[in-house]
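A single chain, nothing else alongside it, follows as structure tokens in the form predicted alone.
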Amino acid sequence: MKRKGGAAAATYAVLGDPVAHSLSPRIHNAAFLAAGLNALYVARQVSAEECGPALRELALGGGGGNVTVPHKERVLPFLDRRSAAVSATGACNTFWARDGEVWGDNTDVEGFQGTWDSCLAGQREPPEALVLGAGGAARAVLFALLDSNRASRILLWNRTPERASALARHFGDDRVSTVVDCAGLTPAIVVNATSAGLHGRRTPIDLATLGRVPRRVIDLVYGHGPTPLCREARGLGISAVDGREMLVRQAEVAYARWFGMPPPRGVMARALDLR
């Protein structure tokens, strides 16, 4: 593809399956345009076998991009360099090339930390959190909470208990414990790091079965309207946010990795009508 004066545009992409719902092209292209960059961001649906080679082709071709479900863990063998966040979480969501080497980072960590801090502004003591999921997003959430002591205790649930147990062992921290049933639990914060609700049809758990109403729900899923979990939370009087804020925060960090400077201030958030 070509832009400015017929020069070839650098291509950036979000790689995943599914990926048609992604808002990443909207926010990144808005930032590219505002910064006057000759670059284009697209969504590319790829299989597990296609993702790693596509990542390297984009990065070594002068572009870069992001990785989303379900490939964040699978692309690690295709990286030449890993950030500390990738090494700690075992997941990568951002990639680019430098001096002929493909680099990977996990900007979900900083994106989630910013979202958590915004949601819990004024909170004096680290609360107990229930984290739903055991994939790449959950890995970033756990690292973000443990690394900065943002949660006093983390209860980890996954539809497949063995995956939750494996993730807890990966971090090896006494503050993380797994649960097989969420009924009766009393977390202050619920974080959905599963893909449930991606198509607007179901929630990962029934919030009404918890032992008490949590103070806040943070759903990392987003769509064209409120997610099923956010709708349920608000129906119970619980303050809830979906994944658009984290999407913008991690995208701003990814942009800085690619170009060595932050994106034009507020452009990405305005692209999603968040400001």
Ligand SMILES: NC(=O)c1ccc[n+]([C@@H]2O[C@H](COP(=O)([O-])OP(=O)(O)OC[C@H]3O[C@@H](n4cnc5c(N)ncnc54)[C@H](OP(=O)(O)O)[C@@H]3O)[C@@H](O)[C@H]2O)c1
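Keep in mind it's a predicted model, so treat the numbers as computed, not measured. Counting begins at 1, following the sequence as shown.
Beyond what is shown, the protein has a form predicted in complex with this ligand; the following relates to that form.
- Although the partner is absent here, L247 is a contact residue: one of its heavy atoms lies within 4.5 angstroms of this ligand in the predicted complex.
- This ligand is not drawn, but in the predicted complex it has no heavy atom within 4.5 Å of S152.
- Within this chain, G135 lines the site of this ligand in the predicted complex, having a heavy atom no more than 4.5 Å away.
- Although the partner is absent from this view, E128 stays clear of this ligand in the predicted complex, with no non-hydrogen atom inside 4.5 angstroms.
- Annotated contacts: G90, S148 and F171 are all free of this ligand in the predicted complex [non-hydrogen atom within 4.5 angstroms].
- For the residues R98, R159, R81, R175, the 4.5 Å heavy atom test against this ligand in the predicted complex is passed only by R159.
- Proximity to this ligand in the predicted complex, taken as a non-hydrogen atom within 4.5 angstroms, holds for one residue of S118, Q123, S195, S165, which is S195.
- None of 227-235, 51-59, 65-73, 36-44 except one has non-hydrogen atoms within 4.5 angstroms of this ligand in the predicted complex; the exception is 65-73.
- Scanning 219-258 for heavy atoms within 4.5 Å of this ligand in the predicted complex gives L220, V221, Y222, G243, M246, L247, Q250 in sequence order.
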